[in-house]
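One chain is shown next in structure tokens, namely the form predicted alone.
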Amino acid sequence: MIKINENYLKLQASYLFSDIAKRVGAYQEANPDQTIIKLGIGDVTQPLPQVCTEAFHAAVEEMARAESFRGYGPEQGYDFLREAIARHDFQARGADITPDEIFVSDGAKCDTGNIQEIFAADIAIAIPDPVYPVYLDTNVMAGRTGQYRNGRYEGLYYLDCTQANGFVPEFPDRPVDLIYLCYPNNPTGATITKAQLQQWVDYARENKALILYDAAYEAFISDDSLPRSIYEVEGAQEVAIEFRSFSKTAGFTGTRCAFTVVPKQCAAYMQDGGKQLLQPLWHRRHTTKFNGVSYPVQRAAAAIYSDEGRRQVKALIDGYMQNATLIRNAMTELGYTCAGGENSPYIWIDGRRDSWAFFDLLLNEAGVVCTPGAGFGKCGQGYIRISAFNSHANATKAMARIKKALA
């Protein structure tokens, strides 16, 4: 008799974005002539930078010739990309990260879900609330939680992120082993200061904990005083693994390329208390279960580190941030309290009502799709998230519709 992993049955019946798609589909069917403006799911809308498409084409041409054809590449990523990442994303900001500490993958979502495989099943986990659902659901699947009751899973430590603490949580009041942090934050758009991040690193070092740090939105930071990597603070290489993505940085959501940094000093512990370096474990997991990102995609990713590539990426980011400023200003003028929209492409809005009710209001009265905060956790109830990922023309039109609907 084949048995299933019954932990999957603990998961909630539907995924947040599936629920959104069903409601949007029903609305579109009932209103076939209405144009819907989607400012919900965090998918980019602008094309890849030209340097990326040119590098993509050139690499495909290489694959078409016998003398330059490439088969299986290194699972960890080609040296040309890993070296560019180490030099520009870390060493240029004073973080001593080397190419062999970088593992190229097909998405930060995959890596943040897969990384938990190298840890024991009985560890204590601290997860922010509200939170990007993948952190939570993959640990449910792995059996690290109890049942779902009253809006939360038993057996997890939830880090409440609220307006009162600026969406940067307080330290756990009991021992935890694994801590998820994401800044700039998805969904709240909040950022963390270097001093605050140093406190979390110090906490992890003192308590033999490990931080999983999702920095997928670091490219949107324009305030130079804010850290773009956890490795900009002292001691982080001992207690933190960082996840990055080209999806939002350079529009790779459909192209798929990201990377995870596991420093050689980073360690966890065995049952007998002995220290175990994590890089060899992740290296083994990565090379066993992953065959690498395609050569053309990696060439396209590497192109963003050229001088022209950096200019083109900045133009993309600036365009989305122009939308973010527009959205934040419009919602503030309507009297709503907002977080994010500064150093982040997400605007987190206190709707002063049920999240799904506000979602339905904006969909039905304005034809605009947002994301209900309740889908990100108990602390998200009453909020919505609006994404800046659209054209400026659509963002302008959306806010005009919203102003009319909420007037």
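Just count from 1 along the sequence shown to find any residue number. If you're wondering where the values come from, they're calculated on a predicted model, not measured in any experiment.
Below, we refer to the form predicted in complex with a small molecule, which is not included among the displayed structures.
Engineer: With the partner absent here, would Lys109, Tyr132 and Tyr217 each sit within 4.5 Å of the small molecule in the model of the complex, counting heavy atoms only?
Structural biologist: Per the other structure, all of Lys109, Tyr132 and Tyr217 touch the small molecule.
Engineer: Have a look at 35-43, 337-345, 355-363, 50-58 and name the one stretch with heavy atoms inside 4.5 Å of the small molecule in the model of the complex.
Structural biologist: Only one stretch passes the 4.5 Å heavy-atom test: 35-43.
Engineer: By the heavy atom within 4.5 Å rule, which residue out of Asn186, Gln76, Thr260, Thr255 makes contact with the small molecule in the model of the complex?
Structural biologist: Selected option: Asn186.
Engineer: Which pick from Lys248, Arg144, Arg299, His286 sits with a heavy atom within 4.5 Å of the small molecule in the model of the complex?
Structural biologist: The option sitting close enough to the partner is Lys248.
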